[in-house]
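First, one chain by itself: the form predicted alone, in structure tokens.
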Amino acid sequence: MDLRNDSPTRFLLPAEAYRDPAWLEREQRALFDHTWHLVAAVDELTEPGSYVEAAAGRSPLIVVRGSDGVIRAFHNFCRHRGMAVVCAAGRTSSTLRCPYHGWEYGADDGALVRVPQRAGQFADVETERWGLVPASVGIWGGLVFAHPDDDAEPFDAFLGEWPQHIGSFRPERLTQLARVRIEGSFNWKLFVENHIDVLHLWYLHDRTLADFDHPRFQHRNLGGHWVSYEPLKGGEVAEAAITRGTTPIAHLAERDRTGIGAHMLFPNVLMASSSEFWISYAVSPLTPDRSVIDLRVRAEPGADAAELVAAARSFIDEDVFACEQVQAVLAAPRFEVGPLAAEHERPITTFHQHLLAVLEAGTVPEAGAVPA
């Protein structure tokens, strides 16, 4: 597959890719079951023993901070009969106890440490064989990522050089102030394509992002990942946009105080930044034509969370509307995708190339890898 930057800009997926359950099943098996997922914020796991439930594709997970301070992840099903070991966030002193039949697991290592009625009912059980199934964990920017495979590629390899291209933002210096779940009637890929589509900024967001200088939009693919930056228009417009917010991020360089960023970690972790917030909004499939967005807002402590959520929703809701409208016509007998903008929609072609490469190979390439 040709992944050169000078390859033609074109739409590579058929309409069935957004409607067919078989397509989604293939994506689940080849992609989501074997890639890194954003599952939590470090802010949610501040104390030893604190844990949250999460999902990495189709894998339910427990993410827990051990007594040694290390954050780990385990698959969230009891090794006895499959009951979810935890069903909400919480904190434990030492063990995670399945509520169904009382099997208990060590919070530090997932080892099976107690089986009720073991002598009479489970005399032959080798407890060392039946600990919680481990998953892999990576931490960046105050965000916790998990991979369903215990022997996953190193998280740093997955990120590649992406962290070097987000300007002066250091999300780990900020606090998670809000988390919002948004559901919509669209295929997950439509939302990713919308996020990396430069052309729609002039039109769909003609009011919500009117202060920004779209002709000066800069973007770059880093393997399957993507980064971008867009400056404010000059003069009084820039000054008004900077001063109208709640609490500006203190550590930013001038460039990032006067512009916004939009980024992506392949395949589905989307991010955006402004002088006041760093947001992540991972989009995950529920069905072929329905998805969920996990919006997290990071900002300075004490910033107005409601105002920041409203600012993020102002353009995200427009994106959801557009994706739902496109999804609604995908089954139309005469529907077809027309020509793409040569540069402003090139990231869509690159996203399709990497997705198809994964589906063909059955594995997710590292960030800098170029599949043959």
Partner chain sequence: MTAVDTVGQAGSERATFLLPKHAYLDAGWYAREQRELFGKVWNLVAAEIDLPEPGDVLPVQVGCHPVLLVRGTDGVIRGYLNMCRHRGMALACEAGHAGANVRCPYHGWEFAADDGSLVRIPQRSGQFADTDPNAWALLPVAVQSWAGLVFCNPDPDAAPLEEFLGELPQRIGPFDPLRLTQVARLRVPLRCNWKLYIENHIDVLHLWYLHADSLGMFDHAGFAHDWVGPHWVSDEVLRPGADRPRGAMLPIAHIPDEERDVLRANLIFPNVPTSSSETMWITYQVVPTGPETSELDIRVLGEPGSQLDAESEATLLAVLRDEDGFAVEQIQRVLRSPKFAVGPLASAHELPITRFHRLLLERLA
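All values reported here derive from a predicted model rather than from experimental measurement. Numbering follows the first chain given and starts at 1.
The next section is about a form of this same protein that is not shown, the form predicted in complex with its partner chain.
Trainee: State the residue from 108, 149, 211, 172 whose non-hydrogen atoms include one within 4.5 Å of its partner chain in the predicted bound form.
Mentor: The option sitting close enough to the partner is 149.
Trainee: Could you spot which one of 182, 133, 178, 71 gets a heavy atom to within 4.5 Å of its partner chain in the predicted bound form?
Mentor: That would be 133.
Trainee: Tell me, please, which stretch of 247 to 255, 116 to 124, 276 to 284, 221 to 229 lies within 4.5 angstroms of its partner chain in the predicted bound form when heavy atoms are compared?
Mentor: Comparing against its partner chain in the predicted bound form, the contact stretch is 116 to 124.
Trainee: On the criterion of a non-hydrogen atom at 4.5 angstroms or closer, are 33, 58 and 103 all touching its partner chain in the predicted bound form?
Mentor: Yes, because 33, 58 and 103 each have a heavy atom that approaches its partner chain to within 4.5 Å in the predicted bound form.
Trainee: Residue 82 near its partner chain in the predicted bound form, any heavy atom under 4.5 Å?
Mentor: Yes - in the predicted bound form, heavy atoms of residue 82 and its partner chain come within 4.5 Å of each other.
Trainee: Is residue 272 a contact residue for its partner chain in the predicted bound form, using a 4.5 Å heavy atom cut-off?
Mentor: The answer is no: residue 272 has no heavy atom within 4.5 Å of its partner chain.
Trainee: Considering non-hydrogen atoms and a 4.5 Å limit, does its partner chain approach residue 91 in the predicted bound form?
Mentor: Taking the distances in the predicted bound form, the answer for residue 91 is no, it never comes within 4.5 Å of its partner chain.
Trainee: Quick one: does residue 53 come within 4.5 Å of its partner chain in the predicted bound form, counting heavy atoms only?
Mentor: Because a heavy atom of residue 53 falls inside 4.5 Å of its partner chain in the predicted bound form, the answer is yes.
Trainee: Within 63 to 80, which residues have a heavy atom closer than or equal to 4.5 Å from its partner chain in the predicted bound form?
Mentor: Going through 63 to 80 in order - heavy atoms within 4.5 Å of its partner chain in the predicted bound form - the hits are 75, 76, 77, 78, 79, 80.
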